[in-house]
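Below you'll find only one chain, the form predicted on its own, shown as structure tokens.
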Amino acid sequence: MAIYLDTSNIEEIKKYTKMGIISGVTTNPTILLKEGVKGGMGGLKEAMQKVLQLVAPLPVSLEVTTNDPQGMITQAKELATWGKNVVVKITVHGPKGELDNMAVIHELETKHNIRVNVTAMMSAQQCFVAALAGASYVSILSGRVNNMGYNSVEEIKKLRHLLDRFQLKAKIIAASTREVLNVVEWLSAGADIVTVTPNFIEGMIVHPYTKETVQMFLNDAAKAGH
């Protein structure tokens, strides 16, 4: 694990899958809306089954679209039938701080054997509680943490220590990347995975001095050939 691609764009996923540098894919309703996915669960299924098949057996995170507890369980069970590599995303709590989501997470993991990626978390303590509930993945929106004036690196370090100390299975996903620097920074702090949009991978690979050096090599090779 290391890098998950944060997109539902098939062409982008094909491009980076061929490179062998991504370990999974994550999506959310905002990403899907930007990519023009419509038609409710039917439209979502059609779009996402292409992604699931393309990257299998790598995991793909799909998010439920309701905050009703029973509705989340029903949707999660449906999503899980779309592919063996489905991971269901559920927010840590509701929009008004409702706590039902934690019981839903626990039920899905322990009773239905569905892997859950708990998302929308901003602190080590939220992630720790989600891990105690049995989550397979805990997503801390590290970029948003930084935007609030806190250092997400410290939260990731604390979380890494807690998960290791209590031998919890959850993998740390650092999400909401804002800078290319964040990827290595967050992985070094203890994250198992960092989610990135395609443009960040290009930013990790391409360096202006490398371009200059490659051109110099080509120019010198051409001169040596005459």
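Just so you know, these numbers come straight off a predicted model, no measurement behind them. The numbering used is simple: start at 1 and walk along the sequence shown.
Although not depicted, the form predicted in complex with a small molecule is the subject of the following passage.
The small molecule is not shown here, but in the predicted complex it comes within 4.5 Å of a heavy atom of I31. The small molecule in the predicted complex comes within 4.5 Å of no heavy atom belonging to H93.
By the criterion of a heavy atom within 4.5 Å, S176 is counted among the residues contacting the small molecule in the predicted complex. The small molecule in the predicted complex is not approached by V87, whose heavy atoms all lie more than 4.5 angstroms from it. Of the stretches 74 to 82, 141 to 149, 108 to 116, 126 to 134, only 141 to 149 has residues with a heavy atom within 4.5 Å of the small molecule in the predicted complex.
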